[in-house]
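Shown next as structure tokens: one chain only, the form predicted on its own.
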């Protein structure tokens, strides 16, 4: 009985792999490869729009030999599960923020340090240079090809009680954060009471007043209608530049013919810049929407006191050499 179950499991695994990459033929008898691309955000987020553009370009350039199906809302799994799927070859293409990927490439955690980049231009220059190439090299060792660097915008603070204009305004504020050691330590330094929880739980916690605040890009506050979850104020602190990565399973890549490999990789390499431009434009639109919905936007925030307050958390960063290289490159 155990032997039969083991054989059944192997058969199902093989079938799932075939379904994920290839298995059909076109009118000329050439094999058609169907790839699955996933992410965790809504179907109107730039992650989705960029992947759809990539899918259209790839299908056109390969004369239909490569089709990419795009799945939003964690339909293929949450970001950590999607990343793991690429290492196993069961998920083909993923765009994800860096935080969940640190489970496989811990060096990426450096990018989540607050105020590590002077501005967006500095971040892009570093990520598309030698440092970014090294991080992609570490990804490839885990069976994942880093195609390009995207973003999810700058993280800002929203809350239900009062405007946040200086660090002292965060004293005692219960704020939902990601399950990220550096983020937790940073908000503790700012005097807040950080509470890590999954985003699905956070929405309920905000609505019920279990936490007062959260921090996310403006586009997230807009798409999840945080103005309906007691969030009356948004302070544009920009304390973290939320880096994202367009990735592809190395196993999937290796299964494609060489001419198709080149096309898929080229289009994936283009998508980071395309998606960043979408984020910049949609962030402006989202801030306008939040204002229209009655949220007070504190735009002229002096971030220098915030930077000074969180500076001690840099000592917690495990990869100090990488941290210092990023900081030194912007002096």
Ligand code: PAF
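Numbering follows the first chain given and starts at 1. Keep in mind it's a predicted model, so treat the numbers as computed, not measured. Whichever C-alpha set is largest while still superposing within 1.5 Å between the two forms counts as the rigid core.
The form predicted in complex with the ligand is left out here; the points below concern that form.
| message | Please determine whether residue 97 contacts the ligand in the model of the complex, using a 4.5 Å cut-off between heavy atoms. | response | Taking the distances in the model of the complex, the answer for residue 97 is yes, it comes within 4.5 Å of the ligand.
| said: How about residue 110 - does it come within 4.5 Å of the ligand in the model of the complex, if we only consider non-hydrogen atoms? | reply: Close contact is absent here: in the model of the complex, residue 110 is far from the ligand, nothing within 4.5 Å, heavy atoms only.
| Is residue 252 close to the ligand in the model of the complex, meaning a heavy atom pair under 4.5 Å apart or at it? | Because no heavy atom of residue 252 falls inside 4.5 Å of the ligand in the model of the complex, the answer is no.
| query | Is there a non-hydrogen atom of residue 76 within 4.5 angstroms of a non-hydrogen atom of the ligand in the model of the complex? | reply | So residue 76 does not count as contacting the ligand.
| Since the chain is shown here on its own, which stretch among 37-45, 297-305, 56-64, 259-267 would lie within 4.5 Å of the ligand in the model of the complex, judged by heavy atoms? | Heavy-atom contact with the partner occurs in 37-45.
| said: Would all three of 156, 159 and 230 be in contact with the ligand in the model of the complex, where contact means some heavy atom lies within 4.5 Å? | reply: No, because 156, 159 and 230 lack any heavy atom that approaches the ligand to within 4.5 Å in the model of the complex.
| field | Partner-contacting position among 199, 71, 136, 104 - heavy atom within 4.5 Å of the ligand in the model of the complex | value | Comparing distances to the ligand in the model of the complex, the residue within 4.5 Å is 199.
| message | Between 237, 90, 83, 216, only one gets a heavy atom within 4.5 angstroms of the ligand in the model of the complex; which residue is that? | response | Spelling it out, the residue with a heavy atom inside the cut-off is 216.
| task | Scan 173-208 and note down the residues that get a heavy atom within 4.5 Å of the ligand in the model of the complex; none is a fine answer too. | result | 176, 178, 199, in sequence order.
| query | Would you say residue 177 moves its Cα by 2 Å or more between this form and the one not shown, aligning on the core? | reply | Yes, the C-alpha moves 2 Å or more.
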